[in-house]
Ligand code: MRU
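Given next, in structure tokens, is a single chain: the form predicted alone.
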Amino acid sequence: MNSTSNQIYPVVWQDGKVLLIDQTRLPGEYSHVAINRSSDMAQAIKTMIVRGAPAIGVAAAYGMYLGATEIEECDRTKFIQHLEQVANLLRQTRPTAVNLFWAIARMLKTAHEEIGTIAEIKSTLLKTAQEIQAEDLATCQAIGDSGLSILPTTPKKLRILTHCNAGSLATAGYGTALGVVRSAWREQRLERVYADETRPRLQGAKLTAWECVQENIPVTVITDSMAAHCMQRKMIDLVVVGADRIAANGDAANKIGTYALAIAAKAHQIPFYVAAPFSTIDFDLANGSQILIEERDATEIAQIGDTAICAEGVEFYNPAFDVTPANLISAIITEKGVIEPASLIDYRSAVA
């Protein structure tokens, strides 16, 4: 589990605790944070030590198990009540990422359905968290391979633009959007990745570029404002991004700046794809207007590091995500295959 390995695991269960790659310190420092309490896991999610919807879901699942181990209660009903409190704590960390809520719900369902002793409930919760992690890794590899089917078949290798980080660091490993990139690189169909820096947290510059360097994938970082220019200069063949929540009609929430990319791609007739696990689809939401958008602290845009870059008295608006309308999305790449946004609702029975 080190930075020189081709496989990056942001969440690791080891010796009774969770080891998280501290993404706030990359790329300058590769280090882990040890988590052995549910409250510490909630803080790690909130402060973006761990980030990316699938990775947040995996971390939350382990957070639920850690919370269960902290409950010293012999009565089953009271135990479940305390576990619900742990769930509420974790739910409050990142409101947009649906995988967080999906993983918590699955862990609660496991606790309710386990008919054994409280000790057996705890053991089953750990097993379930590990299953969620293993399933996500397999899912991402399947997403990457699904993505190969939609790549343009041209003699020349492809130049793919991506935004934020949807790689191994954002998942259990391999990645969603970057999973497509990895599969393309493996099949020798990729020339270069263009990574938007992704203001204000710079996940593209700090994380996506770092991941590419680990695997010797050619990568060029551009500022967010350069993307349309690069498209105009015919430097980009397609765009692949991740998603934190997808509504039933195909509208997709992803890191702020994604919507503008989709508009630019449409104007330049460049395919725009969203790569995400099927669990990211929230069929309870009819469209993207119902997706809750997280707003983060103003300091993220008011300063760089500890240095203020704006005059005192300036006001700030800092939404962490935006919603790309389905009509701007060429297709959604999932582990179940490539789905056109308009056809997404036909898959609702798969989660019933």
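Note that residue numbering follows the sequence shown and begins at 1. Everything numeric in this text was worked out from a predicted model, so none of it was measured.
Omitted here: the form predicted in complex with the named molecule. The next part is about that form.
Heavy atom to heavy atom, is residue 52 within 4.5 Å of the named molecule in the predicted complex?
Contact check for residue 52: yes, within 4.5 Å of the named molecule in the predicted complex.
With the partner left out here, check for me: in the predicted complex, does some heavy atom of residue 302 sit within 4.5 Å of the named molecule?
No.
Given that the partner is absent here, does residue 62 sit within 4.5 Å of the named molecule in the predicted complex, heavy atoms only?
Residue 62 lies outside the contact set for the named molecule.
Since only the chain is shown here, I'm wondering whether residue 94 would be in contact with the named molecule in the predicted complex (any heavy atom pair within 4.5 Å).
Yes, residue 94 sits close enough to the named molecule in the predicted complex that at least one of its heavy atoms falls within 4.5 Å.
For the three residues 251, 273 and 334, which mark the spot I'm curious about, does each lie within 4.5 Å of the named molecule in the predicted complex through at least one heavy atom?
No: no residue has a heavy atom within 4.5 Å of the partner.
Since the chain is shown here on its own, which stretch among 122-130, 242-250, 151-159, 180-188 would lie within 4.5 Å of the named molecule in the predicted complex, judged by heavy atoms?
Among the listed stretches, the partner-contacting one is 242-250.
Heavy atom within 4.5 Å of the named molecule in the predicted complex: which of 291, 33, 26, 48?
Of the listed residues, the single hit is 48.
Which of 146, 203, 279, 139 has a heavy atom within 4.5 Å of the named molecule in the predicted complex?
The residue in contact is 203.
Only counting heavy atoms and a 4.5 Å limit, does any residue of 284-320 reach the named molecule in the predicted complex, and if so which ones?
Read in sequence order, no residue approaches the named molecule (within 4.5 Å, in the predicted complex).
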